[in-house]
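For reference, the chain that follows is the form predicted on its own, supplied as structure tokens.
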């Protein structure tokens, strides 16, 4: 009986001590900005996760500028935070400031994007397999188009960002063996709805009023939604005259799918912070070192997957 009571007391103590430990953590979060619905959801979920765990989260919006992120990270270092989360704008240019964080013994965790830097400068990266996301989108198009000749226009993400690089690579790998599918035009839309619409308008003008375009592949849903608007304004039917495939699975793309105006999207979960806080708490508690990459799931959704129902399940997540 005593052993059972001691065991129960130990479990209770571990739970309470873990909760108290988490409550003592102060974490800086350098967010890219709010360029898309998905990005807004990631911010909301990160704040919710921190609140649930009793973590004091210091938030900094970089407004899509790396210099703002570097300044924020240096500010977090000066404040002596326990850890820093970074959703990096671009992949390069991080060595110096991350070395400063390392010298201050502040662990850094990357969220949703990788960087080109020595691995000893960050604790782990919580991301999807972005090459795989692009590959899933490309494989869907290959199956959908069959042997039909297909000119694709591509709306790339922010130049130099890991999602833009990797989602392009994966898509190109998926269509490489299909000579009937070609990428006719490719340009950055900066992951924004407004720029996606603007670039799609230029693609339509350059490709016989859009009549020569078979499909648009967008590196995120917000650019796809902008492209859908441009297609409609050109007098064409998105989803029919021009297939639309994109990545992120934000609520608005499911509304478009329900209307038949988008065809497929690959899900990117906005909950990167949950796994990040899990490993951070273990690292701080007993020095447990996580793997350098924690992969999240990527799932394909099409018009056959009850898009209205998926929209209802996602609409309150902060997108």
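Numbering follows the first chain given and starts at 1. Please read these numbers as outputs of a predicted model, since none were measured by experiment.
Note that the form predicted in complex with a small molecule isn't included here; everything after this is about it.
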Classify residue 191 as contacting or not contacting the small molecule in the model of the complex by the rule of any non-hydrogen atom within 4.5 angstroms, answering yes or no.
-> yes
With heavy atoms only and a cut-off of 4.5 Å, decide whether residue 36 touches the small molecule in the model of the complex.
-> yes
Contact flag, residue 246 vs the small molecule in the model of the complex, heavy atom cut 4.5 Å | no
Does residue 268 reach the small molecule in the model of the complex if we count a contact as any heavy atom within 4.5 Å?
-> yes
Taking 4.5 Å between heavy atoms as the contact cutoff, choose which of 163, 238, 196, 134 touches the small molecule in the model of the complex.
-> 163
Assert contact_stretch over 252-260, 50-58, 37-45, 287-295 against the small molecule in the model of the complex, heavy atom within 4.5 Å, equals 37-45
